[in-house]
Ligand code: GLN
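Here we start with a single chain on its own, the form predicted on its own, put down as structure tokens.
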Amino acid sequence: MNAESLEGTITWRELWAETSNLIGDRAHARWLCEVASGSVDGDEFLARLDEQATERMVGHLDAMTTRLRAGEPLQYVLGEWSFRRITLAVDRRVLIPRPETELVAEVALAKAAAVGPTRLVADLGTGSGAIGLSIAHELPLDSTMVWITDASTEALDVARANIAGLGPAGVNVRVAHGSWFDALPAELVFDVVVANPPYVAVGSADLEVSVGDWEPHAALFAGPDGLDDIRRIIADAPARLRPGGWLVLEIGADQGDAVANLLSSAGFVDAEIRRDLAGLDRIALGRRP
């Protein structure tokens, strides 16, 4: 596409069709066109299909299409992605939010919702803020406080941008820089601690090539068996949870037995491994007695 020659001569309906042919996916082409057109949602975009695009808009669409065809993940190209009920800014500084992690957030939300009249939650290694901001967004504003942490200052920059877009619930979120529990004020004990830590074994042949090529390695890899960070979190969690408090972790599909043993050895009760929609072990949880 030549942005200058096309200005005022091509509609979004035509651009959608042309982009679909270029990338071979009509739905993804629509999302690219929505972002390039500045539409706030799909309904607005559909209402503008017969409007003519400006040179700037065509140029933006062209640049995004080029990046996608070069192999960059769609989520990074779009610069945003939906997670549960919120839309998050995402780029190469953070992991791409995934459906499996939505299930982790759902479990943490249920455990936090059962606490009252107030609740204190920590989302360790928050990345884009997906889990922690979902908890702040979906639980009552007047009784919920969420701390989000990350060892990456770049990831926290993305999370802070997402807090700004969260609306009123953003006032209930606190940000701390550091590694796991070390980032949090020492006097705080939590009702729920949740984390999606690195859990890929270094050298794993199971990791998708595009994930290894594009997403931050510090958020992916955790030693020879992928359990280095999980071990540390589980070992430190009992001292940072109130009696009856829950630890909720995202884990690798082959780590269920190992993580269940770690939880039991650390003194957690009601330890459980839950599966994702593909039937794979994905969520580990345990309660401090």
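Keep in mind it's a predicted model, so treat the numbers as computed, not measured. Residues carry their position along the shown sequence, with the first being 1.
Beyond what is shown, the protein has a form predicted together with ligand GLN; the following relates to that form.
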For this session: Could you tell me which one of Arg174, Arg98, Arg160, Arg92 places a heavy atom within 4.5 Å of ligand GLN in the predicted bound form?
Result: Arg98
Seminar exercise, completed: Picking from Ile86, Leu207, Leu184, Val189, the single residue whose non-hydrogen atoms come within 4.5 angstroms of ligand GLN in the predicted bound form is Leu207
For this session: Determine which one of 195-203, 67-75, 139-147, 166-174 lies within 4.5 Å of ligand GLN in the predicted bound form, judging by heavy atom distances; exactly one does.
Result: 195-203
Exercise. With the partner left out here, if you bring back ligand GLN in the predicted bound form, are Leu227, Leu263 and Glu272 all within 4.5 Å of it by some heavy atom?
Worked result: no
Exercise. Are any of the heavy atoms in Ala219 no more than 4.5 Å from a heavy atom of ligand GLN in the predicted bound form?
Worked result: yes
For this session: Examine Glu34 and determine whether its closest non-hydrogen atom to ligand GLN in the predicted bound form is within 4.5 angstroms.
Result: no
For this session: Would you check, heavy atoms only and a 4.5 Å threshold, whether Leu120 touches ligand GLN in the predicted bound form?
Result: no
Problem set entry | ligand GLN contact at Val211 in the predicted bound form, heavy atom, 4.5 Å | yes
Exercise. Heavy atom within 4.5 Å of ligand GLN in the predicted bound form: which residues of 249-263 qualify?
Worked result: Glu250
